[in-house]
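The data below hold one chain only, encoded as structure tokens and taken in the form predicted alone.
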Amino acid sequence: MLTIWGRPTSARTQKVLWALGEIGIEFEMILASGTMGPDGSVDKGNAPYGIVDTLEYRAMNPNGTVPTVMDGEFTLWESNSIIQYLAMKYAPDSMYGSEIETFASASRWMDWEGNVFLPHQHTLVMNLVRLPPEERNPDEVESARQALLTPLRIIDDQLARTPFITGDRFTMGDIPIGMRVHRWFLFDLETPDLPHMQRWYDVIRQRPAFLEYIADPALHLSG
């Protein structure tokens, strides 16, 4: 059985859980984190789940981050790499149509999510959810909101041309983008009219794996 170390409120862990749900793999989840625990963020004085600073964990993942997965004797970290591995090994047809071009296109959007979308959304998470109220900075919130308008419009433009991020069908590429867009809407920030993204979002948030691992606002807004 596959084992995943992470926490259900971690965006990176959520992406992998969504992929596992789409593929239908049985797994064991071990709660682990250096930044959050059952009562919320360490920024608010709460204790983390831990494990990530142990020698055993660092031998698997020298970064001490989550998630990490162990599949048999193979260990892997970095959430988007984990999703790509799971797709290639267990569900190439359902996750990218068994086509190398679709795999490459989906991987491109997954890289883009981490490089372009994640940094600004992390700023929003810290200032809207995790930090104590007295440490939050509304100027940083507005700056991050403005910065994310460009990638949101890029997503909308892509979805004006294709039903899903990489083409006519759902693929692994929709998972990281879908999770980020869900968080954007949950933060209830001023948003321009993005009809194509809204249409796609309405479709993907009906998927059973999304409903199980992503949909609950408490997974994103509990600090």
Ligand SMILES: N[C@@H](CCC(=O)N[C@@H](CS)C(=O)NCC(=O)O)C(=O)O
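All figures in this text were calculated on a predicted structure; none of them were measured in a lab. For every residue, the number given is its place in the sequence shown, counted from 1.
One more form of this protein exists, namely the form predicted together with the named molecule; it is left out here, but the text below deals with it.
Asks: Among the candidate residues Gln198, Thr35, Gln158, Thr191, which is the single one with a non-hydrogen atom no more than 4.5 Å from the named molecule in the predicted bound form?
Replies: Only one option qualifies, and that one is Thr35.
Asks: With the named molecule left out of view, choose which of Glu99, Glu78, Asp111, Glu140 has a non-hydrogen atom within 4.5 angstroms of it in the predicted bound form.
Replies: By the 4.5 Å heavy-atom cutoff, the listed residue in contact is Glu78.
Asks: With a 4.5 Å heavy atom cut-off, would you call Thr65 a contact of the named molecule in the predicted bound form?
Replies: It does: once the named molecule is placed as it appears in the predicted bound form, Thr65 has a heavy atom within 4.5 Å of it.
Asks: So in the predicted bound form, does Ala11 come within 4.5 Å of the named molecule, heavy atom to heavy atom?
Replies: Contact with the named molecule, yes.
Asks: Look up in the predicted bound form whether His220 has a non-hydrogen atom within 4.5 angstroms of the named molecule, and give yes or no.
Replies: It does not: once the named molecule is placed as it appears in the predicted bound form, His220 has no heavy atom within 4.5 Å of it.
Asks: At 4.5 Å between heavy atoms, only one of the stretches 23-31, 168-176, 65-73, 150-158 reaches the named molecule in the predicted bound form; which one is it?
Replies: Looking at the partner contacts, the answer comes out as 65-73.
Asks: Check each residue of 198-223 against the named molecule in the predicted bound form and list those with a heavy atom within 4.5 Å, in sequence order.
Replies: Sequence-ordered list is empty.
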